[in-house]
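Let's start with one chain on its own, the form predicted alone, as structure tokens.
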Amino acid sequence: MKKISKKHESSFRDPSGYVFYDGDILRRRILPIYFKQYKALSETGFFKTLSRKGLLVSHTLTSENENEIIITPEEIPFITYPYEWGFEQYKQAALLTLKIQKYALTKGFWLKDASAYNVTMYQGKPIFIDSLSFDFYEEGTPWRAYKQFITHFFGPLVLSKYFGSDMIKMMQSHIDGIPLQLISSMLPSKTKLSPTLQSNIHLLARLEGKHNDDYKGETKVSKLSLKALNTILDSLYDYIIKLQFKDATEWGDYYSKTNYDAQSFEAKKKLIKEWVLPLKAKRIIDVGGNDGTFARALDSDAHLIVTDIDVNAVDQNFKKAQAQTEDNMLAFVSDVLQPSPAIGFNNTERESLIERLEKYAPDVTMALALIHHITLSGNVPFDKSASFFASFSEHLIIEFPKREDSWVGSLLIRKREFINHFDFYNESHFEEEYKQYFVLEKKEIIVGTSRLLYYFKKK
């Protein structure tokens, strides 16, 4: 069967080239306008050095002629977007971009763009994924991607410092970066006393506004020495690396307030491991998996995805993965009641979470201590949550807290006069609805709890 070549929906903005699917293989086509830069970057060992340091995704040369150069990037199992990162992930992605810019300048190049979408999380850390984002350094010229770095990285991080992690989610509605004047207007007045914030946000926003008012079809290019540019980069790096996130979140210390004693906690780990390992899964996702405790308990070499709504839990998982050099762990922020939608031009530039999960096709999905929140906090009927999990799950390990469970009791009490509407929340109805999409393979009570563990296989 002939392979079908299909251009990636997100790859249309850069005239230098684009990403496309060659059958199931992702490749990048480089056009003649970028040949000079690509060959210089390749011949000097620029790409190889950054890839060896784990800063840039590696690639191999696939073919070359006078009309195109085709390269094949290293495969990344799952792409996450900036609005799905925890604060620490976002911070490290910003620092990565500055490191690459600093290194490029020492070799006579620089980043021609600094979009946060040029970075994703891979092997426990951020990695730069756009090999065509480099150009020759132009002596005395300001960094053309400077404003983009501020609106994509610096601004969201500073806003998060003052107003919490929801500021990162603003990148979902501002795919081209949070507008400078919006960032400046939101920050407290005291931030104007900070030389770094004053020069890189407030003054920049004011100059942009003045430029828009005075614009008469002319473009004025300022002069900036290499030394001055490095000073700006160092100032941004020093400020970002010291940024701290202090949001108190609901589930950041989840395992200190669970319904498990030590025995039941270990029994749950043991049971999950006994069910999952025989499946020899290569890809596993734990939806609502907090800091990754149960995913790690599998002791599996599979690629592990752990999502959670709580940014502190995600950051804990991310830091733990780095400290333990867990290349197979991917943590990101996701609200199961409101998964990331498809956004951008024609709603196809960035794929929805569901679309990405369907392509990822995990061998095993775990949903532990989650269904009662979906059903009782989110008012989602069992048939709808079953349909959701069936859309991407081959094997499903799901925990069901019965009505006697104290967490369930607490959630039901909050329903007040509507409590009777939730009489359907029971073991038999749960099984009936899930059996529309799955075959029930195993079911066991978690020792010492009022919780059941189910193993379903998709029909």
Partner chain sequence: MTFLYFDPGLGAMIAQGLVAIVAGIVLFSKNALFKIKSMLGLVKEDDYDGIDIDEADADEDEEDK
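Positions refer to the first chain, counted from 1. Values in this document were obtained by computation on a predicted structure and should not be read as measured data.
Not pictured, yet referred to below: the form predicted in complex with the partner chain.
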**Asked** Here the chain is shown alone; which of Asp22, Glu9, Glu444, Asp14 has a heavy atom within 4.5 Å of the partner chain in the model of the complex?
**Response** Asp14
**Prompt:** Of Arg296, Lys91, Lys268, His372, which one comes within 4.5 Å of the partner chain in the model of the complex, counting heavy atoms only?
**Reply:** Lys91
**Item:** Contact test, all of Lys280, Lys320 and Phe392, partner the partner chain in the model of the complex, heavy atom 4.5 Å
**Value:** no
**Message:** Given a 4.5 Å cut-off on heavy atoms, tell me which of 374 to 382, 136 to 144, 349 to 357, 270 to 278 is the interface stretch with the partner chain in the model of the complex.
**Reply:** 136 to 144
**Request:** Considering only heavy atoms, tell me if Lys53 and the partner chain come within 4.5 Å of each other in the model of the complex.
**Result:** yes
**Message:** With a cut-off of 4.5 Å between heavy atoms, is Gln37 one of the residues that contacts the partner chain in the model of the complex?
**Reply:** yes
**Message:** So in the model of the complex, is the partner chain close enough to Leu98 to count as touching (4.5 Å, heavy atoms)?
**Reply:** yes
**Request:** Check whether Asp166 has any heavy atom within 4.5 Å of a heavy atom of the partner chain in the model of the complex, and answer yes or no.
**Result:** no
**Item:** Residues of 109 to 129 having any heavy atom within 4.5 Å of the partner chain in the model of the complex, listed in sequence order
**Value:** Lys112, Asp113
